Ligand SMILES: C[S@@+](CC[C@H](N)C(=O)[O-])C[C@H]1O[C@@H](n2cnc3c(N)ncnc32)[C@H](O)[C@@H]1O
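This document starts with one chain, in the form predicted alone, laid out as structure tokens.
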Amino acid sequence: MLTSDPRFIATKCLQRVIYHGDSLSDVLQDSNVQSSEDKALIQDLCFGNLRHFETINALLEQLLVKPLKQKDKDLECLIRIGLYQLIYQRTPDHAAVNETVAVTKKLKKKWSRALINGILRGFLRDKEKLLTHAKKVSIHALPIWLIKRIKKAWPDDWKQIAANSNKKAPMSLRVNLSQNTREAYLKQLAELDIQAECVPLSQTAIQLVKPVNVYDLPAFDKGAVSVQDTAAQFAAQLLNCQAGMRILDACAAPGGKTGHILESAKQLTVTAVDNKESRLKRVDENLRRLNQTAKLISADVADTKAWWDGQLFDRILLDAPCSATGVIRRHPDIKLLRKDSDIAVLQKLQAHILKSLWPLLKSGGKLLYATCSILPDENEKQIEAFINQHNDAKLCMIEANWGRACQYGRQILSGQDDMDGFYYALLEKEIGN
């Protein structure tokens, strides 16, 4: 981008997400901002805007006499930036208005200065009235189709799920127990005045009171710790890998679970497959930092003839492509990028991958099916259908003090015990079948 102005960059990032369907993670990475201060501001402006997308939408409907033309949607995104600052940031009102208006020059639309200035000052004049109405019509701040599905699936919990989905997620860490104990690492954090506490539900998890730059964490660059939500840390624990086993990590990127698997036991032979070469680079970077190695393969994991060497696996982790409805608090762009019709498509894909990978598992081996979804269609209904179709598939009960037991598998709801929404089902291939 031609300018380093964080508000300009945030405006362009929002435009790509809202009007081009790009993922926020991708557009932020493309922005290639070097300054840590500017990066933090851009992230706050973008994540915050999408977290409060429905409220800001409702304000725009009141403030804009008519919708802006398609070629001027960058101005709409700039207004969103201005409104977010006025409502949710501590930027003084006059500074927020002036700094937002100044971006019109960088957008090469100086003619819009009066328009942007008028809309933002109009909001300030009637702020209380406008906000009251906006929050009333966007009370649950999730798409209507998703609210309906959550209501149906979790009738007693849907309001809490919606509220949790729109909160900021904490920064959680996974301590590398092959290098250090959790207690020892907590002491190292305390010595640097980084406030943190153990998460009792996990053997490896620490939660920070406030987020910090990862490179401020003791020995982060040497693999002593990784950033990973507590719910995601259960995957390696449930797999219970033993020394010398062959492991398949299907749909492996960005590699957090791959690294945890390798930390969990010695002399593992791990094959990590993902369908995007660019995403596998993230896996490679994570493993290098942890000083771990795995065989990385870029392929359609369901097309086993294209990549499998014919040797069976002792364990398979299928971190299935899903709606990601359990991690909206970390990825608020999901509210815009997902559609109701996506669920049926994802169900078919999940079933296809699961069926394709099952023959690769040894008799007596275990496959862990995982998603970051809270929708039963992608989770326990998927496992129920699979077990009914495969006589050699046995459901292993997951005895745990986290989440809730379902008839098939175990579900963590969004924000439950301050964790992301996750689903796990552990299947064993019965010997002799």
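One rule holds for the numbers: they count along the sequence shown, beginning at 1. Here the structure is a predicted model, which means the values were calculated and not measured.
If you look for the form predicted together with the ligand, you will not find it shown, but the lines that follow are about it.
Participant: State the residue from 117, 180, 275, 237 whose non-hydrogen atoms include one within 4.5 Å of the ligand in the predicted complex.
Facilitator: The option sitting close enough to the partner is 275.
Participant: From the list 86, 251, 199, 334, which entry has a heavy atom within 4.5 Å of the ligand in the predicted complex?
Facilitator: Exactly one listed residue reaches within 4.5 Å, namely 251.
Participant: Within 4.5 Å, heavy atoms only: does residue 170 come near the ligand in the predicted complex?
Facilitator: Flag for residue 170 set to no.
Participant: Given that the ligand is not shown alongside this chain, does residue 96 nevertheless sit within 4.5 Å of it in the predicted complex, heavy atom to heavy atom?
Facilitator: Residue-level check for residue 96: no, no contact with the ligand.
Participant: Would you check, heavy atoms only and a 4.5 Å threshold, whether residue 320 touches the ligand in the predicted complex?
Facilitator: Answer yes; at least one heavy atom of residue 320 falls within 4.5 Å of the ligand in the predicted complex.
Participant: Spell out, yes or no, whether the shortest heavy atom distance between residue 299 and the ligand in the predicted complex is within 4.5 Å.
Facilitator: Although the ligand is absent here, residue 299 would touch it in the predicted complex, with heavy atoms inside 4.5 Å.
Participant: Please determine, with the chain shown alone, which of 148-156, 312-320, 103-111, 359-367 has non-hydrogen atoms within 4.5 Å of the ligand in the predicted complex.
Facilitator: Checking each option against the 4.5 Å cut-off leaves 312-320.
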